[in-house]
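Take a look at this single chain in structure tokens; it is the form predicted alone.
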């Protein structure tokens, strides 16, 4: 009997070793929405590793030693890849991980909108596809498919979770769109302080006719401010959207000079990384847009 027990234990050892070797994928992310998307797709099957700590501004970000150490542990990196997280490639290079980490470019296949400013003259695209429901769902399916390739054992679960998450996001958006049912003149001309909301505005039928920020991450000069104010006046724009973290003096000056109503949106790239961050942020922004449209059209809530 003792000999049989020892034999069974010996046969079981390789299986135990394989189970111990089967660790979770370490999936890096560069932005808060990607954390939410990966968390909802994988449901705990991977370790999600923010490439930079919460509280840092990703605009003009320079890699820190801790970022480099984290990058050296990654199997996969989910990134924007069209101008919002270029720092990630610097981090991979510094960690000597370029070519060793599988990169998932979330925007692969997304219909991109040209950027509002291109001071160098080159053709650029608006990188803020993560502030949108339609573009988010496309990215969620791309991430789920490529995570499934990296982790075949969980591929079907990732596909199933992505479908359920997408359905929930569609329902969320439908609820806000329904609040504008029957509102005449919903296709308004609006202005924004920051160029990050074009994708979401498009989903609500709003025309962004003026953007105060001359290019992504740049503050306007005095002459650019005057030009924007003149354009807003000429087009009769009565609704101006700003971003919570943008310097208040620019929005205040335009509101003072044009009389436009001012509404504040979130960029969904601040605070703690959580699975609910994207849904909470996009719901906040959609409610603000609904309030703005109803106020501009004189419709009752």
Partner chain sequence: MASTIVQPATGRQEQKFLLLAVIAVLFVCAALIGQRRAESKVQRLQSYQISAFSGLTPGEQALFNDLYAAGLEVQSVHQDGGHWLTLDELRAQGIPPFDAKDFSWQTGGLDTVNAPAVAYFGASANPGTMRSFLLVLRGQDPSGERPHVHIDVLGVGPQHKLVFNANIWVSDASKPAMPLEFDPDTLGGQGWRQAVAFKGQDAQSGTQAAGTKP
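Numbering follows the first chain given and starts at 1. Keep in mind the model is a prediction, meaning the values are calculated, not measured.
There is also a form predicted in complex with the partner chain; it is not shown, and the following applies to it.
Inset, instruction - With heavy atoms only and a cut-off of 4.5 Å, decide whether residue 214 touches the partner chain in the predicted complex. - result: Taking the distances in the predicted complex, the answer for residue 214 is no, it never comes within 4.5 Å of the partner chain.
Inset, instruction - Indicate whether residue 176 is a 4.5 Å heavy atom neighbour of the partner chain in the predicted complex. - result: Result no; residue 176 lies far from the partner chain in the predicted complex.
Inset, instruction - State yes or no: in the predicted complex, is some non-hydrogen atom of residue 107 no more than 4.5 angstroms from a non-hydrogen atom of the partner chain? - result: Yes.
Legend entry - Touches the partner chain in the predicted complex: residue 226 (any heavy atom, 4.5 Å): Answer no; every heavy atom of residue 226 is more than 4.5 Å from the partner chain in the predicted complex.
Legend entry - Option from 163 to 171, 68 to 76, 189 to 197, 90 to 98 whose residues, in the predicted complex, bring a heavy atom within 4.5 Å of the partner chain: Result for this chain: 163 to 171.
Legend entry - Any residue of 126 to 143 that, in the predicted complex, places a heavy atom within 4.5 Å of the partner chain: In sequence order, 134, 137, 138, 141, 142 come within 4.5 Å of the partner.
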